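Have a look below at one chain only, the form predicted on its own, in structure tokens format.
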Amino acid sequence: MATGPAHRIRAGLVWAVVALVTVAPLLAAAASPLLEWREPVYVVAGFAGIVAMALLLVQPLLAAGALPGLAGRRGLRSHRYAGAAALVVVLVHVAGLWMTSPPDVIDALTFTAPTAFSAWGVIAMWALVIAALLAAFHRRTRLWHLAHRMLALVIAIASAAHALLIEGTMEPVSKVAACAVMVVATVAVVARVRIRAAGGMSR
């Protein structure tokens, strides 16, 4: 493994970009004037959703071993921990919204809410729950890997749609950037895994 100055600079740049894309939406949301009119529980629920998106952004990078210092087994272990953390903060997100307005959450869960972002959020949540269950009770067969990859795509796309359709405390530019990176990274990793699998079958 390379450990020279060029490698360290590259590793530092990678982590700087990841930190910027994940932290910028949080800082921008924290500066939103809309927070002055929100209840504390609602603010916590909202920021839990932003943290969940940040975790989902690094998930495919961890799975692919693309983050310096987190390759191989260490990356996969971090991938599992980040997935579990994402599930926890999503549950905090939903619980906080329930505490502020139970009817809105019921409408969202039953797909009767008048807002499109609610449906996308529920789709992402259930896909994340199913992915977590698969990870907890898995037998690593080809079908398991296929299901895991497809769920990752659903989670990324649905989460991005959910966030982009909401006009709230998140700053638009940082939100779009985070969503774009999350979707592109997930699609790239899934495509890379499929190509590798096809290559293995051809050999």
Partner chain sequence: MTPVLYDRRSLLAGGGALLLTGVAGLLSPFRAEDLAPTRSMRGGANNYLPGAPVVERIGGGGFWMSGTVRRAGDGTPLAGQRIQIWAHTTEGSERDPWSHGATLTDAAGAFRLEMPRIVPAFGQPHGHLAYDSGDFETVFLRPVMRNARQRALEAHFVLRPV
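Positions refer to the first chain, counted from 1. Computed from a predicted structure; not experimentally measured.
There is another form of this protein, the form predicted in complex with the partner chain, and it is not shown here; the text below is about that form.
- Among 129, 113, 82, 88, the residue placing a heavy atom within 4.5 Å of the partner chain in the predicted bound form is 113.
- Contact between residue 38 and the partner chain in the predicted bound form is found at the 4.5 Å heavy atom cutoff.
- At the 4.5 Å threshold, heavy atoms of residue 122 stay clear of the partner chain in the predicted bound form, well away from it.
- Put simply, residue 34 is close to the partner chain in the predicted bound form: some heavy atom of it is within 4.5 Å.
- Looking at residue 28, you'd find every heavy atom of it more than 4.5 angstroms from the partner chain in the predicted bound form.
- Screening 66 to 74, 153 to 161, 52 to 60, 38 to 46 for residues having heavy atoms within 4.5 Å of the partner chain in the predicted bound form returns a single hit, 38 to 46.
- Contact annotation for 96 to 125: residues with any non-hydrogen atom within 4.5 angstroms of the partner chain in the predicted bound form are 97, 99, 100, 101, 102, 103, 104, 105, 107, 111, 112, 113, 114, 115, 117, listed in sequence order.
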